[in-house]
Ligand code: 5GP
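First, one chain by itself in structure tokens, the form predicted alone.
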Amino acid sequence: MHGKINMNRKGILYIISAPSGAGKTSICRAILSLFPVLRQSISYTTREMRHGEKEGRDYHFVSHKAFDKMIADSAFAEWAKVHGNCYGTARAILEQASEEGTDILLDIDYQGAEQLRDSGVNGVFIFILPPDMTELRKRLESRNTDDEKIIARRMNNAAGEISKAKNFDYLVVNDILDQAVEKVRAIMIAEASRTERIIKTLPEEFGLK
């Protein structure tokens, strides 16, 4: 699975969401290392670049003015304002990947995933959960990047997001990271083998097309 690009089928869009602190970024990085041909969709954001981040690798960092122009031009498949900053996914990137048969991983917040689902986009929606809310708070505090006010806001947002997790296709609890990664990997392998995805790639002599 994901060993090579197959032009006989549409690319698969995997949407992974989670509340802040659940480990979504770590899981996505591990999945991308397991499937080298899998591409990550790089989102646009108005927030400041953090230490260790790189333009075009972690995000496309743009001004509020540039982001607003992209909204006006209908350039986003989804966008949302999260914790005071804007994040968006370029429509052209998703459309091109689908037509080229390239599988793509989209790491976005719940609001963005909800917009994509409501728009009828054909994707696989995976939600990452923490083991419990106490552990989630511990993870947020261990970052040492946010003050108590911001942590409280993230916890409040997390409660709302988790309450709607049932709308996703799959739920993965990230208690032990390696196990959570393996569950996401298994989901992706199964999805790539769905009849409607693979049937066009099979020999005509099977008489299945």
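A residue's number is simply how far along the shown sequence it sits, counting from 1. If you're wondering where the values come from, they're calculated on a predicted model, not measured in any experiment.
The form predicted together with this ligand is left out here; the points below concern that form.
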Stretch in contact in the predicted bound form with this ligand, which is absent here, among 166 to 174, 42 to 50, 179 to 187, 29 to 37 (heavy atoms within 4.5 Å) = 42 to 50
State the residue from A80, L105, V124, L94 whose non-hydrogen atoms include one within 4.5 Å of this ligand in the predicted bound form.
-> A80
May I ask you to state whether R9 is within 4.5 Å of this ligand in the predicted bound form, using heavy atom distances?
-> no
Indicate whether I15 is a 4.5 Å heavy atom neighbour of this ligand in the predicted bound form.
-> no
